[in-house]
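Coming up is one lone chain in structure tokens, specifically the form predicted alone.
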Amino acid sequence: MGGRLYLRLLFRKGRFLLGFAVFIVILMIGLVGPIIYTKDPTSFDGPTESPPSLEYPLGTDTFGRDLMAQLIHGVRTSLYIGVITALIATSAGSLVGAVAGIKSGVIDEALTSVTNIVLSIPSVLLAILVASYFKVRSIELVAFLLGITSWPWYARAIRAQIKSLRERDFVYLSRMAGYSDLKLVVEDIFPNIASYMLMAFVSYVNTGVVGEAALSILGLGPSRSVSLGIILYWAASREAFRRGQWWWFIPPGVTIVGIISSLYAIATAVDEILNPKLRKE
């Protein structure tokens, strides 16, 4: 399918357009927001627990911090953690799954055993246990913990996909042409599962965003940064839910839902175009 036809079909899907629009808005909030709205998210100069007003569009928290500034910087931090988590998880899963899938015998059995062992341990629980050992947690550390504990299911899926594809005629022809295992995987197999890999990457971005929020609510998020999860952590610890301070917890919660929903809509729409079995046009 040509690139122009692909884009034409993609932009005819309402799900993609809606997801793309929502994600771009959220992305611009994180990237451009700090340039336009220059207030310091860590400043305690504002009035305490002030509801939304012209001066403070999303109000302030118990400490007098501007929640609009916190949301803007929190979006950027959470998306950054999501992307780093996805890069780590998909890289590790692709490497392990590809080696196990293209090889056989001892190498395959060893990698499969390691994958199954890690898979048997709940990733969120493992991330919580490891994070609790660090008194200071950087953004990169949180992303690393979420990524390095989430790759096994993807590695198993990649292994299964490769084992199926390596029996196809085009792979035999490539082997006859002298392709190495690396070239075979990169040039012949990965392009045939590109839509699945994209879906996995998007899923891991969501894993990073949600995982960071979960760790932060438990007090194990980034130590010296503002994120969507950190905002929810302070809202919960100061009982903003019980006291009806909706401006403190609803905006970050809605933003997290928006990120997850928009990325999922984009990924499923792209999958329908790339996957001939799902394509209706």
Partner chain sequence: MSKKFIKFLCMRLAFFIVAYIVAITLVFLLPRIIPGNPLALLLTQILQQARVSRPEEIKEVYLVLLREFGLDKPIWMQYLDFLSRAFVGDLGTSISYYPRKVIDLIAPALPWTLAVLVPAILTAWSIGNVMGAVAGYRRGSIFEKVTMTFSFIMTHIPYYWFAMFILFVFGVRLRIFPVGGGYSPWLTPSLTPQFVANLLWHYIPPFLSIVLVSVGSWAIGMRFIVVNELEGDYIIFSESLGVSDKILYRYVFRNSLLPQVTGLALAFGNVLGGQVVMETIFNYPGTGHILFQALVSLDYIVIQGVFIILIATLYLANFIVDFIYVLVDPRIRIGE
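If you're wondering where the values come from, they're calculated on a predicted model, not measured in any experiment. Positions refer to the first chain, counted from 1.
If you look for the form predicted in complex with the partner chain, you will not find it shown, but the lines that follow are about it.
With the partner omitted here, the residue from M176, I117, A160, I107 that has a non-hydrogen atom within 4.5 angstroms of the partner chain in the predicted bound form is I117. Of the listed positions (I139, L95, L129, L165), a single one reaches within 4.5 angstroms of the partner chain by any non-hydrogen atom in the predicted bound form, namely L129. G64 falls outside the set of residues with a heavy atom inside 4.5 Å of the partner chain in the predicted bound form. Interface residue remark: P122 is counted as part of the site for the partner chain in the predicted bound form, having a heavy atom within 4.5 Å. Interface residue remark: F134 is counted as part of the site for the partner chain in the predicted bound form, having a heavy atom within 4.5 Å. Of the heavy atoms in V25, none are within 4.5 Å of the partner chain in the predicted bound form. Only one listed stretch (42 to 50, 55 to 63, 235 to 243, 28 to 36) carries heavy atoms within 4.5 Å of the partner chain in the predicted bound form, and that stretch is 235 to 243.
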